[in-house]
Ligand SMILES: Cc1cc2nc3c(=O)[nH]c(=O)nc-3n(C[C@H](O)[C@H](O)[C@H](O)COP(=O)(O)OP(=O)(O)OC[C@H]3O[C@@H](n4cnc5c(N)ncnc54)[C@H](O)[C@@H]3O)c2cc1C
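Given as structure tokens, the chain that follows is alone and in the form predicted on its own.
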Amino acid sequence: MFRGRALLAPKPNPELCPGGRVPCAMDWTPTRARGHARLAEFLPAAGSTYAEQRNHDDGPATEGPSNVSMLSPWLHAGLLSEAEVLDTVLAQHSPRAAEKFVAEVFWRIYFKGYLEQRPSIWSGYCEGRDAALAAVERNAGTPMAYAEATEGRTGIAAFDVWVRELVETGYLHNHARMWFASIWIFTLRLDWQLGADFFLRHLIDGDAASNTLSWRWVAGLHTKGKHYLAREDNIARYTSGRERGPLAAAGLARKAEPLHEPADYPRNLPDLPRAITAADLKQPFALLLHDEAAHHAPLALPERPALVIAASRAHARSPGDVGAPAAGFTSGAIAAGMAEAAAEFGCPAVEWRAGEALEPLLAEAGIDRIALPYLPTGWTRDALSPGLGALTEQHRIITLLNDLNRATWPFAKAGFFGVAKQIDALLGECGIGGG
């Protein structure tokens, strides 16, 4: 979660290496093994260290900053699950010591559940984004300001540093995402949907729910009337650990009204799929891996699939070009997941490419049904659902949803507090952390 000024002339950027490159040694290999390795690296800091230091953005130059987990890319891709991360952390730290980290993991689950109950927020965002992008193309919006912002030429040193970090590494610290969004909306006065789209195009952990709702939270749309204003002193304080010193952010808006919108988004919790059993999968079936469920291990299948189908749709994130780090992580996760599943189950694996029909892949393998990890509201569902429509109508799809999401989403009705007060009970219900 990351919860009218005159543009200044660009200044030299002290955070960049010679040649303008952002230094970053973090290993973003998109495999389950690397996700586990990163979890092990972070584990000693998941308790009090995380609670005390998590708001500090020390920059990307070092290998895996210990003050934040940086696990979100592997979680978003389904290479790791929230349940196994929580279980690992609570095996080493007490619930009290790990309280802040546990809460952050539940923010991810909360946002997913909130958007599942209000899918029109996502469709509304897509419509607004498309209209804003079209206005920029027609030169009817603020094309120069948009170009300066997305190219890191605003003259706000901190913001310009974060633009380059985001584009070149595919990652930003959570606190930096909040500052960035606030500056974009209230200082640069750009459409928040353009900013959310810019994040989705470049973040390797870009998530439809967390990203959309976090931008709305900063803007004052998620919790109506409550917005977030970035401050120069706050940025300097929490970036003081950077190799070249704190980031400067002069000229930020000091006063701004939260955004308002006429739309109202009704809430309706969909019927969530029940837990599956071996009996549900006794007939030969194909396992479909997608961009948010790229590995079989977190799915804990009770039976072995006869075919693995990999469906990557990274470029469905945005009508614009998706950055190389984000696209590369997604495609790499799917490729690794497909290969490891085929090896584990001793079955063939095929790709379902965009624009191709799915039925021939099943017919060729003599398979009638698909086990499908839950498609959450967002671009993954938008991209894959049309090709799955006939199979859904024919009741040939078995949907997989993990216990933690199934148990938590009904509490994501309004603010996070409704989930937060249930955390201990949810951990116990799902058998996480010895509960």
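As the structure is a prediction and not an experimental result, all values here were calculated from the model. All residue numbers are counted from 1 along the displayed sequence.
There is another form of this protein, the form predicted in complex with the ligand, and it is not shown here; the text below is about that form.
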{"query": "The unique member of M178, I334, V308, A158 whose heavy atoms fall within 4.5 Å of the ligand in the predicted bound form", "finding": "M178"}
{"query": "Sole residue of L90, A83, V105, L247 within 4.5 Å of the ligand in the predicted bound form, by heavy atom", "finding": "V105"}
{"query": "Interface membership of T408, the ligand in the predicted bound form, 4.5 Å heavy atom rule", "finding": "no"}
{"query": "Distance check, S210 to the ligand in the predicted bound form, heavy atom within 4.5 Å", "finding": "yes"}
{"query": "In the predicted bound form, T187 touching the ligand (heavy atom, 4.5 Å)", "finding": "no"}
{"query": "Contact label in the predicted bound form: Q117 to the ligand, heavy atom within 4.5 Å", "finding": "no"}
{"query": "One stretch from 338-346, 148-156, 247-255, 197-205 that, in the predicted bound form, holds residues within 4.5 Å of the ligand by heavy atom", "finding": "197-205"}
{"query": "The ligand in the predicted bound form reached by all of Q283, I397 and T399, non-hydrogen atom within 4.5 Å", "finding": "no"}
{"query": "Residues in 165-185 with any heavy atom within 4.5 Å of the ligand in the predicted bound form", "finding": "Y171, L172, H173, N174, R177, M178, A181"}
